[in-house]
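This document contains two forms of one protein chain, each encoded as structure tokens and listed individually as structure 1 and structure 2.
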Structure 1
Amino acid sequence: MSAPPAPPPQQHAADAPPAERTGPGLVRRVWASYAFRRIRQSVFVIWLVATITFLLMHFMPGDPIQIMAGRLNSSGMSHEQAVATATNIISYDPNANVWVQYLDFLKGLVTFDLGNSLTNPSKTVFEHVMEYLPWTLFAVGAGVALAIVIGLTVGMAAAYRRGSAFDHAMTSIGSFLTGVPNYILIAAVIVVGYTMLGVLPFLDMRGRITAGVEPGFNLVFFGDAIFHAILPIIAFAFTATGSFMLNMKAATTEVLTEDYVTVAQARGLKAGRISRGYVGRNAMLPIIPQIALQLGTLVGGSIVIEQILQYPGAGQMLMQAISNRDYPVVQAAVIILATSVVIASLIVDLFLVRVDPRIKTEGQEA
């Protein structure tokens, strides 16, 4: 998934002028290749998000140093000391010219040094965020995986039984899941399951692991971690399942009318082989870009879901930082979460090109 492979020169020798085969031509081809275009674009988006957070912090009403010093001050530090600490925490010199500050900030960004946390000054903000991020990524990843399995199977089954009661029921459920915000659905699950019926042990499910369980490479730990993550995973799966279901149904319906399916049937191939090798594989193609989109929405939405479920992932940490006015952490968390979304969708897109080479030329039509 890293560097785009340069096309072997002899492959295009026939239609390319000889000059193309020399150094500059190769550089140009790599530069114009799909993978490299996507990588450039991803770097650009990460830079853009980082710059927006810098601008927001710079132009926010009030002086961030004074606000942070005010907080330290209220926790018993003298005013001068508080201002000095706050100044130290920010990775750039607050009295310097904006451009110098910005360059310092960019330098901090590439060296993973965006200052220290206000509430926990012994740690850099990157270390602080990284402590929480894996839990969120784990829950989001598991949720999306669950949604892919359920969504694709049910969507395809609905397309095969088009017009049946099963199809109508599943299409309604799919619209319901895509339409209603996932944090509302999971809130309803808790209220009904715990507060009303008392069947859901919600109070024990909060947090990452049960007190007393040692993190380690053993079944008890994994079982416990999954027990605590199950509600977030379900919450993340809600919207994505509905969306994959509806899209897979539409895509399968379309593929089923294709000539190659009829030909395969005429050749007497087994129904199972047709549905897997001919229908399923082609119907899946339009779903793959949806996965990247869902990942982006889910990581953003994780902030609300983790708050509702009291799950201490990156989202809850970000909310904590916002209410503590720990601006360096807020900034780093936004940048890191955005980066993880951008990288995930980059991987999905590069994978998609392998499966469906038609995409390579899509952006280039002019």
Structure 2
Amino acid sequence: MSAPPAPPPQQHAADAPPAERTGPGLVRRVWASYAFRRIRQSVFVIWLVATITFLLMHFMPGDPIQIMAGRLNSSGMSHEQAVATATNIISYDPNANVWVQYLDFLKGLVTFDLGNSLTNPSKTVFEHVMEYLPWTLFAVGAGVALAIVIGLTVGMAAAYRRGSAFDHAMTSIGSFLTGVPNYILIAAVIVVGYTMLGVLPFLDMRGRITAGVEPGFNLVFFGDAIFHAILPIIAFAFTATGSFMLNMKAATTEVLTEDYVTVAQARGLKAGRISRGYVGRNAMLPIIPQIALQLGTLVGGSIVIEQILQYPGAGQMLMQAISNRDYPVVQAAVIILATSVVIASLIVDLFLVRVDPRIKTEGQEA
């Protein structure tokens, strides 16, 4: 009886034929890769947000020409002159075919040309948005950074002291900060600090910068900008701090029960090394996606905070554009905010895959 034929030798990726490394095989591998799949999903989400925003803006009641004409009419101009002047200023035809407008909108979106503001035609939409967006991103970014430092440190400390008075107190504070809206908390800070105690210079803190301070790369400008952004930063840090605190406590408590932590303790490693290299590093993994989520939530929820604190950021700009029916500005603001959140989430996902390859494996199995 003859022996069965030997199996063919396995071929390594480096020994694969050139056609599979550079031809259709390479295209299939790139197309099926986790990173490219996440990029496709992100592009689809951005297109979906852009399309929904376009439809909402064009089917909302109201006409930007009539809104501007009403303002001109209230200043003493006749109705006919006001309509003619508004039509001349605003290069927008509300009666144009929706599909033609949609295709022009997609073309402008791909070429990064979203047109000019209807209420301020001398500026492009991008220029108009960039006057406000950096201030919101600065306040939100600083607030989240502050929340990360406080929330993760306190949450980890509470997990190490679970069951103690410190643990119960910090858990209660975290639940309170997470459950109460940040605009109510910052309103309470203003009432107590400004109205009752008189120690908070709220009137001087309104706006972006103090009159007379010139923007530039100098300590005077940066210090004044931080002074005006203190209350928004605190407001944005409130909710994020409570969420990070509770999640970090839960993640750290779970990691402390893992076998590798027990083994590290049995080997006699120092508590600080175990805390940083074993516990903290692994407890951070489920927190990283929540950072991107908090950024998106706070940027989207900046409208109320900026209205209360009179901080001219993207939220206040968006409200003004909606009231003026400035469609290009509203579309650009929503798309830019949504795109920044989607890109942040994409970066976090790709980073997590590098840190924890199990995520990619679970995604492929699903």
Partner chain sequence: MTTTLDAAIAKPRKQFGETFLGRLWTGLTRSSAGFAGTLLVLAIVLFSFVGPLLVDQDNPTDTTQIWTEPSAEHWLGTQYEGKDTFTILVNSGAQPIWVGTLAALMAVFIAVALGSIAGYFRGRVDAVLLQLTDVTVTIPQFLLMLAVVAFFEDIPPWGISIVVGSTMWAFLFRSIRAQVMSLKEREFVEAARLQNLGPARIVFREILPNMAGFIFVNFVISVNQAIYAIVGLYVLGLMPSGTPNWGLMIHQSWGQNFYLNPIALPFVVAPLIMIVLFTIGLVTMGRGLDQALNPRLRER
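By rigid core we mean the largest C-alpha set that fits within 1.5 Å across both forms. Residue numbering: structure 1 sequence, from 1. Note that the structure is a prediction, hence the values are computed from the model and not measured.
Trainee: Which of the two shown corresponds to the form predicted together with its partner chain?
Mentor: Answer 1, the form predicted together with its partner chain.
Trainee: Core superposed first: is there a CA shift of 2 Å or greater at Glu306 between structures 1 and 2?
Mentor: Not so; Glu306 is displaced by less than 2 Å.
Trainee: With both forms fitted on the core, check whether the Cα of Asn324 differs by 2 Å or more between structures 1 and 2.
Mentor: Yes; Asn324 is a residue whose C-alpha shifts (by 2 Å or more) between structures 1 and 2 when the cores are overlaid.
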